[in-house]
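Shown below, as structure tokens, is a lone chain in the form predicted on its own; questions about how it binds or moves come after it.
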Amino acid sequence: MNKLLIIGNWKCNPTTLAKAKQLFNSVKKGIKKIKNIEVVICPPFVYLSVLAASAKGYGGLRFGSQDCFWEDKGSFTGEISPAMLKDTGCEYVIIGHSERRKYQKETDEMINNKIKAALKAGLKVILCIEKIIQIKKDLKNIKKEQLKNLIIAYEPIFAIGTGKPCAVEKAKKMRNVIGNILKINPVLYGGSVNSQNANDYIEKAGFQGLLIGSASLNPKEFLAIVKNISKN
């Protein structure tokens, strides 16, 4: 990955397509002249097709999903397959987010199956972890040559949605440990990122990008983060 990667995870927001379009259009216009950063928007699945269709011509803007299933098709009510995501224009998929581990009771085995399916479909996987042991469990029986499209996002649970970001030095230590395990894979930081602290995680802690939650719903703040990082 040559460019820094900034991912906006909208989670279960906003509540209407009209609001989603408004938010997306603000971001789209704001990043038009940004060339050295790849911006990925991960909206709720129901908005993906509409937003992706309106993004043509914006080369630095990509789309991701907040999750996927481990089968391409079948009797799996409510699930979204990697093949479906590819067809909507998705290039990325977030897997193993702590909120899904907590609320949907996703196990490492389930996450492992999702990663295998997503990589097989040609999606770029953003694997969210808090503990190093999760890397070993979630990547079980996946060969190194299959991991070229893997990105790790370190997200300490205490920092997610709390306004209490991880100390830069602590994040740096985790970044170094992850880097020693997966030497060629980009590592992102996520957890209460804002326009004041974002640059520190890139310049001081050495992350190759950011996974942004709440701040991605505020176009002014999100664009401030992108523009600050683009100066590196």
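These figures come from a predicted structure and were not determined experimentally. Counting begins at 1, following the sequence as shown.
Although it is not shown, the form predicted together with phosphoenolpyruvate is what the next lines describe.
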Listed range touching phosphoenolpyruvate, judged in the predicted bound form by heavy atoms within 4.5 Å, from 116 to 124, 80 to 88, 94 to 102, 140 to 148 = 94 to 102
Find the only residue in 185, 199, 192, 26 having a heavy atom within 4.5 Å of phosphoenolpyruvate in the predicted bound form.
-> 192
Can all three of 30, 39 and 227 be found with a heavy atom no more than 4.5 Å from phosphoenolpyruvate in the predicted bound form?
-> no
Indicate whether phosphoenolpyruvate has at least one heavy atom within 4.5 Å of a heavy atom of residue 13 in the predicted bound form.
-> no
Hey, in the predicted bound form, is residue 218 touching phosphoenolpyruvate, heavy atoms inside 4.5 Å?
-> no
Determine whether any heavy atom of residue 129 comes within 4.5 Å of a heavy atom of phosphoenolpyruvate in the predicted bound form, and answer yes or no.
-> no
Contact between residue 160 and phosphoenolpyruvate in the predicted bound form at 4.5 Å, heavy atoms?
-> yes
